[in-house]
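Okay, here we've got a single chain as structure tokens, the form predicted alone, with questions on binding and movement later.
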């Protein structure tokens, strides 16, 4: 059989099987997006709190926040997922796969978000803090109205990068039985014995989901670079 004929036979499988695969894979995409969005939201909240802790004048808070960042960035996300899904069971804490995935991925992402936010706040001029205090703002008000809005502008491109990382890491949720893209791909592979075909579909779905985020990150980075270069 010629190469062209082999390729035609390979792609003919998709025409035959896609009507059967589209339903489960479509539902799996929704679950993947839910896990990604909720985990990222949790990571943003945790990261902001930890970043403020690292910038605190309280030495205990600074050390605790620093330890969290090192642990979150040093321990693989899969280990965190297993600890939450399996490790808490002896303590009487039993979570479904999707909530466990959201918590695990969110806690892991929080360490990266914390460093990005901390760097963004650190890039603001120190005089702005003093100016905010001179007009009567509390330390919390200085962060809320002056520092965090500026830090967000600086940190936005790398934060989009964290979102892409969370999307890709969501594939780990299949290992704790969350019904995401990878789990459905493995189910179909085991039933139809077409692993290459369905794994290519899974890869294409992740690519399609990540592509607009990558484009947004690149656009934000270019815009930020122009904005920084235009400053006096």
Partner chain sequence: MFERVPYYIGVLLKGATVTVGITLGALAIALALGLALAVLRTTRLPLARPFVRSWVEVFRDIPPLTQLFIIYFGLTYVGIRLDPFTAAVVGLGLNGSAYCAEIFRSGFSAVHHGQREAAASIGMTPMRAMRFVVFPQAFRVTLPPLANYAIGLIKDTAVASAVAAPEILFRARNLTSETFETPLIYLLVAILYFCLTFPIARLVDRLEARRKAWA
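Residue numbers count along the first chain shown, from 1. From a predicted model like this one, the values you see are computed outputs, not experimental measurements.
From this point on, the text means the form predicted in complex with the partner chain, which you will not see here.
Please tell me whether any heavy atom belonging to residue 94 falls inside 4.5 Å of a heavy atom of the partner chain, as the geometry stands in the model of the complex.
No.
In the model of the complex, does residue 202 have a heavy atom within 4.5 Å of the partner chain?
Looking in the model of the complex, residue contacts with the partner chain include residue 202, since a heavy atom lies within 4.5 Å.
May I ask you to check whether residue 174 falls inside a 4.5 Å heavy atom distance of the partner chain in the model of the complex?
Close contact exists here: in the model of the complex, residue 174 approaches the partner chain to within 4.5 Å, heavy atoms only.
Looking in the model of the complex, any heavy atom of residue 30 within 4.5 Å of the partner chain?
Output for residue 30 is no: heavy atoms all beyond 4.5 Å of the partner chain.
Would you kindly say which of 182, 55, 38, 46 lies with a heavy atom within 4.5 Å of the partner chain in the model of the complex?
Of 182, 55, 38, 46, the residue with a heavy atom within 4.5 Å of the partner chain in the model of the complex is 182.
Any residue of 69 to 84 that, in the model of the complex, places a heavy atom within 4.5 Å of the partner chain
Contacts from 69 to 84: 70, 71, 72, 73, 74, 75, 76, 78, 79, 82, 83.
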